[in-house]
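Okay, here we've got a single chain as structure tokens, the form predicted alone, with questions on binding and movement later.
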């Protein structure tokens, strides 16, 4: 029988949020042990040599950073470089394309004018995103604080944009504000990344997804981590170990026995008693570990393809590929195409045409390539396919069909086929992501995203509820993507789980009640 260890906090799962939580708690003087079943930490926020014999380390699952607050980066002392891209998006159509620059200028104006024949749609675009910016300005500063009340945020913005983003399906706003089907789709795609829903879904899950994609640091800009996503995890691991977090890999947790004053965490070769348990795994997995009935299993809805090409392909529109692929290149993402793909997938069939987007990391950061590839014209491409839920990609045959659909969709906009340029390729269905990361249903958010505030009738009773990390057990808290403000590579959920514990210690008693709580960790 294994000897029982005792620690202040045990963290189950070693994703980026777990590393953030561990760092804050260890710096506050608590003994923290982190258990990760894989041979490495980082979860989905890793880089990997995907292609045998080719020296390229791709951000395999998640690849851009937006929601991670600069305040958190500064507090943790992370040495990260996040680069902006000149191109926000490019959406090819027929023999043309809609170019949106990160700082919209003359090229963006001319692109809108060519598409629509007037300046009206560009003006509507500017008005909409200016109003969205006021919502981001209100919400972003609260993400590292206890959950604000909905009224506090609503009072800071105009009612029209609040209604568009929070009260009514975003599809309604898109149809009212924009006249062109392609423009509606380009705006609406941010509501669907990792989310399976119609833009008119009455659940508003798509609205919540849209909100999270647009509020990062008040700007919503998605930046490229130099060195790949693995560089983000490497920094988080460095500061966690430096703070004294005991990180154990190849340690799979088999069960958690939770009680009023703590919990016991068990696995093959270890039994650990702790005052607190933080769960970096999905709530669905946590329910099984803790012996509770499991909630409905999440269903992921993305088909990811990682490519290494000898050079970027030429486009039919004639635009420089280095401009078109520098940001997000949309494929089959007009609003009508998105809605058609959703309807087909909701009926249980793989959509007839691919809808998704491509991103080229190496146009912004070539450090992920080995010297030989870096000196060549080689580039990496990552495709994120929409409306491809777990249920319609049950096996390798379906995945192969989805890959061929992607090739057909991208080639329709190219002046040359992409196949001869491909040096390496891998794809990941939701089922494959589930197998690799133990992420139920391959859902990248661990389940549907939630509003980042307290509703009218919510009255939080304890720190776990105030910070949006509570479970049904007072000493077990969420610190991963399944938390109230989870999703994306942000560290927010980890920060908030740690602060819920630090806030609870003076109430419940524990080592954090003295002067060893670092001032920089408090808000």
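The model shown is predicted, which means the values in this text are computed figures rather than measured ones. Residue numbers count along the first chain shown, from 1.
Another form, the form predicted in complex with a small molecule, is not on view; read the next lines as being about it.
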- prompt: Hey, of 462-470, 36-44, 23-31, 50-58, which bit sits against the small molecule in the model of the complex at 4.5 Å between non-hydrogen atoms?
  reply: 36-44
task: Select from the listed residues 252, 120, 145, 396 the one whose heavy atoms reach within 4.5 Å of the small molecule in the model of the complex.
output: 252
- line: Residue within 4.5 Å of the small molecule in the model of the complex by heavy atom, from 413, 184, 208, 304, is 304
message: I'd like to know if residue 446 sits close to the small molecule in the model of the complex, meaning any non-hydrogen atom pair within 4.5 angstroms.
response: yes
message: Is residue 222 part of the interface with the small molecule in the model of the complex - any heavy atom within 4.5 Å?
response: yes
- request: Report yes if any heavy atom of residue 496 sits within 4.5 Å of a heavy atom of the small molecule in the model of the complex; otherwise report no.
  value: no
- prompt: Would residue 277 count as touching the small molecule in the model of the complex under a 4.5 Å heavy atom rule?
  reply: no
